[in-house]
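Below you'll find only one chain, the form predicted alone, shown as structure tokens.
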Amino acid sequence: MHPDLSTSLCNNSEVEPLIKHAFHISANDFVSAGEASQKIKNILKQIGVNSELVRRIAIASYEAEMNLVIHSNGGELLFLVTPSEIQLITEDTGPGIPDIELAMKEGYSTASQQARELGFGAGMGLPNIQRNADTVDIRSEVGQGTILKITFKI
């Protein structure tokens, strides 16, 4: 990952997270896809986060995780909980998004034929993340990778 991209998004607030988990997500691993999101959902329920916020975070985390599986060469999903917000940060090793504005449009997809045959790649991932999050920040460099920071206020 390009160091400027990584530094700009992964420098979180000065508040030390109460919970911090990192999940490695492998490219094209459709068998394990969704496991990290399920763990995140379970943690949120265990710590008493309200069900509507759990639902929104579960949707966004699943979409972000699937984007790593379908569109990247693999990467990390970081889950952070502070007293004021919950963050999901994904960082992958490529191929990057050439046109972020286009990628944010419902129905636009660059998913492989394999992903489509498995029922994925409808072009709703980033729009669903945007719809459910309080803020979304995407930084991408073609050939380098993408960092996606999703924030939910508590």
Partner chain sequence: MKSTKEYYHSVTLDKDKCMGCTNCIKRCPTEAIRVRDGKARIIDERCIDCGECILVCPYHAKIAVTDPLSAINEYRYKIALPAPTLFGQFKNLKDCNMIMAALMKIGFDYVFEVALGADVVSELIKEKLKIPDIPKPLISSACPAIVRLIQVRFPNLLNHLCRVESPMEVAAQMAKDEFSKLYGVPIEEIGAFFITPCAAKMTSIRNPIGNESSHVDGAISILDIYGPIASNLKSGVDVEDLHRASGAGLSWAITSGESNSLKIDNYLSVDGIQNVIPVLEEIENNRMSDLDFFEGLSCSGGCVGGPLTFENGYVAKNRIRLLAKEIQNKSKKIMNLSYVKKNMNWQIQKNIIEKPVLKLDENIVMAIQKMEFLERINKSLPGLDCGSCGSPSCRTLAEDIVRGTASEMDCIFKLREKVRNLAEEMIELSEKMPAGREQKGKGENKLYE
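Not measured: the values here are computed from a predicted model. Residue numbers count along the first chain shown, from 1.
Beyond what is shown, the protein has a form predicted in complex with its partner chain; the following relates to that form.
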Report task. Quick one: from Ile89, Val69, Ala36, Ala58, grab the residue that has a heavy atom within 4.5 Å of its partner chain in the predicted complex. Result -> Ala58
Report task. Flag Glu52 as yes or no: does it have a non-hydrogen atom within 4.5 angstroms of any non-hydrogen atom of its partner chain in the predicted complex? Result -> yes
Query - His24, heavy atom within 4.5 angstroms of its partner chain in the predicted complex - result: no
**Report entry** its partner chain contact at Leu78 in the predicted complex, heavy atom, 4.5 Å
**Finding:** no
Query raised in the report: Is Gln46 one of the residues lying within 4.5 Å of its partner chain in the predicted complex, judged by heavy atom distances?
Result: yes
